[in-house]
Structure formats: structure tokens, C-alpha cells
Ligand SMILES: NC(=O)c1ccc[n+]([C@@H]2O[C@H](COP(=O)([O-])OP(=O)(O)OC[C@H]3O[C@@H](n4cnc5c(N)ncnc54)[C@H](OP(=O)(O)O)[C@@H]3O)[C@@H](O)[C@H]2O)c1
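Only one chain is given next, in C-alpha cells, and it is the form predicted alone.
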């Protein structure tokens, strides 16, 4: 692994983002860091999943990001497609988190307007670490059997209000949130200017076809300027860390 920015030097894969501190609470809401992988031509999945895109560098970055966050935010569709399990992590990662002053495991937070998950999904397998289900009043009413499998945070009548959701997470002490997608949730967050930084792995792969991008189109979001914080390369795989650039308050 070669770190190219900000100070070029070689480092081991295990040291990637080792000293990382994610963006914390902002204006009463949790800070949001987006962690995604894409191909060179912008595809976010292969055959509907991200598993075949990232290599060793992406896996190391993924583990380091999860070791640095209070909560993992993810849409119900991604939970189902990627077959998420409980976010307890390995013993090594739990030790790494505790050394950073974090809880041993991040809280898994699933966003779903209608609680569109199976009550038997693998994500509910550990009763000691139930996910936090962010949903609507209609979702709870329609899927009480799913609501009973986790802690529920209601953030709207028929659809999730993401601002209210992030304020609710912050009030629970979950100030640093890592969003793992999917593209629809990413688009909603960007559309409301709720993303603070982006960690993107660019896989040395061309996909073509109609693979989705990391952000779904058509959700009202415009261009967002980004500032490059760090750049790493490992066997042609690139790890990029950007911060979202916002105008000074006096220019708003």
C-alpha cells in the first residue's frame, strides 16, 4: 500500500485509516460519512452486489471505517441483497474500537419506510445486538412482527424523515455515522445535504451495462463540491477520502 496524499509513504494494509476520526455530530444531528466502492466507469455493483468489486485494499478500508464509527446506517434493500448479519465484528476489531474509546461494536441502524425486511433475516440473529429500525408509523403498523425484532425509532408518518432520524441518533450518543448505502439512501442524504465526508474505493474494473451508481439519480440533489483529504493506492485499487465543501455560513 502506498499513501500518495497528504504525505507520501508506504504503509501496511492493516494501518489503513488507523488514526481515523470520523466527522462527529453537526448542528444537533449525527455526522455522516459515506463509505462506498465503485468501478472505474462508476458502477456500484456486479450482478447486484458489491462483494465482487472491492479487493484487499477495500476490505481493509471497510474494516477500518467500521472500527471508527458509532453506528452503521444502511437501507433495508442493501441489508437484504448483501445478506447483512449482526455488526458485532471480529475480536480484533472490537479491541481496536475499545482502544479508540468506542463501544466494542457499532450500532447497526436500518432505514426502511415500510419495514420491508423478513422477520427471519440473518441481521436479527443475535438478540444481544438487535438493530435499530428507523421507520415510519405506517411501517410499524404494517409489519409489527419485524418491529418486534429490534429497537424502533419512528421518524415520520408514512416515510422516514432523515433529519429527524439523524437527530435521534445523535441524542442516543451515536454522533459518528457510517452510511453503507444503498444508492437510494445515499441520494436522499445528499439531496438534503446531510453527507459530510466520502470514502470511496475505485476498483480497477470496468463493468459497463446498467449497473447502478453509488447515488441514485433524480432525487433532487445537485452537484456537491468535494475536497480531497487522502489518496492511497494498492495494486491499482484507489482509496479516496473527500470532505464535502460547504459555503461559509455568512454566504448562505
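Note that the structure is a prediction, hence the values are computed from the model and not measured. Numbering follows the first chain given and starts at 1.
Keep in mind the form predicted together with the ligand is missing from the figure; the text below concerns it.
Not one of 16, 70 and 129 is positioned with any heavy atom within 4.5 Å of the ligand in the predicted complex. Within this chain, residue 55 is remote from the site of the ligand in the predicted complex, having no heavy atom within 4.5 Å. Contact check for residue 81: a non-hydrogen atom falls within 4.5 Å of the ligand in the predicted complex.
Contact between residue 116 and the ligand in the predicted complex is found at the 4.5 Å heavy atom cutoff. The ligand is not shown here, and in the predicted complex it never comes within 4.5 Å of any heavy atom of residue 204. This chain lacks the partner; the member of 168, 156, 77, 175 within 4.5 angstroms of the ligand in the predicted complex by a non-hydrogen atom is 77.
Screening 146, 123, 108, 111 for any heavy atom within 4.5 Å of the ligand in the predicted complex leaves a single hit, 111. In the predicted complex, the residues of 164-200 lying within 4.5 Å of the ligand by at least one heavy atom are, in order, 180, 181, 182, 183, 184, 185, 188.
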